[in-house]
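What follows is one chain in structure tokens, specifically the form predicted on its own.
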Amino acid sequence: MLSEFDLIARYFTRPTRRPDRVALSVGDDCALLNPSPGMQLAISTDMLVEERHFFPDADPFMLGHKCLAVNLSDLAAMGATPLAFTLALSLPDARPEWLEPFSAGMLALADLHACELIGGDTTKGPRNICITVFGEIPPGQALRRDAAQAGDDIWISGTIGEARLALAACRDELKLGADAMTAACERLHAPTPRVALGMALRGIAHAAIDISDGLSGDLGHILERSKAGATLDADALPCGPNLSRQAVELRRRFALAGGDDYELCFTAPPSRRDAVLAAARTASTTVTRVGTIDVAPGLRLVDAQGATLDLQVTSFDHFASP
């Protein structure tokens, strides 16, 4: 069995790839970062717990990807450039056949975004993965949750709801064909953090959040912090191709409250629609306009004809959701 330090040395230690950004990496009491002159640090932490956030038999390569992806998604929601991250890892045992693909999946995504692993901790216990990610952003350009303005368009990147569709199939709540199941599970287990889009939206979007717990709840955080309301067209939501083939009631419910999408929901003034579309092209990401920020508080749902929908949807809550 590997010792703690053998585990770190074998799977999580490698030469510093960006010495201009990282002055000291794994192996000391602290790491040392070099943010670019005049930049602010953006910092976020996310924890993934077995049987709460992922299944015990989760593919370790995809899990390694996802645990970093959800953190990079937080940076994307602020418009920040990734710099580095730390990893705190609790494991019931140190098995090379699990650790090798896990570290490979995580570090492949880290390399894609030039984000350096700079330290962390390991211990024996229930499987629990906690990552703290560091990014940088010019002062005054962060896409904050409290910055939405009445009259703003509401936009969503990519497509939503496929991850919830995969979860439903895994729980035997519904049946999917083999191809549909594979595609939906890709969205659940290997999400794409929209880092390039977040950076491209600097100076264009007002507010943003990543869709992790479900659109209705996550948009609700923007509305609460911005002291505003919203009207959302439930039939304009960009559902994934497999969800689009489901019944309208299920499609609306999964798109509004599914969670695990890690797409961006952001607001921008109507005068910047062309700029939003240009930013999306720069980031090679589709975006869809789905609603409007209102003065009156609360979230109002309408259908494609503008008729009010009385839908009871609840996003994921770590202490209330099953």
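As the structure is a computational prediction, the values presented were derived from the model and not from experiment. Start at 1 with the first residue shown and count on from there.
Only in words, not in the display: the form predicted together with a further copy of the same chain, which the text now covers.
Although the partner is absent from this view, Ala23 contacts a further copy of the same chain in the predicted bound form, with a non-hydrogen atom inside 4.5 angstroms. By the criterion of a heavy atom within 4.5 Å, Pro126 is counted among the residues contacting a further copy of the same chain in the predicted bound form.
Using a 4.5 angstroms threshold between heavy atoms, Ser44 counts as touching a further copy of the same chain in the predicted bound form. Residue contact with a further copy of the same chain in the predicted bound form: Gly120 places a heavy atom within 4.5 Å of it.
Each of Leu7, Ala88 and Leu91 is positioned with at least one heavy atom within 4.5 Å of a further copy of the same chain in the predicted bound form.
Of the candidates Leu215, Leu165, Leu201, Ala77, Ala77 is the one whose heavy atoms come within 4.5 Å of a further copy of the same chain in the predicted bound form; the others do not.
The contact residue chosen from Ala283, Leu33, Ala58, Val276 relative to a further copy of the same chain in the predicted bound form is Leu33, the criterion being a non-hydrogen atom within 4.5 angstroms. Of the candidate stretches 266 to 274, 253 to 261, 284 to 292, 23 to 31, only 23 to 31 has residues with heavy atoms within 4.5 Å of a further copy of the same chain in the predicted bound form.
No residues of 148 to 169 lie near a further copy of the same chain in the predicted bound form, the criterion being any heavy atom within 4.5 Å.
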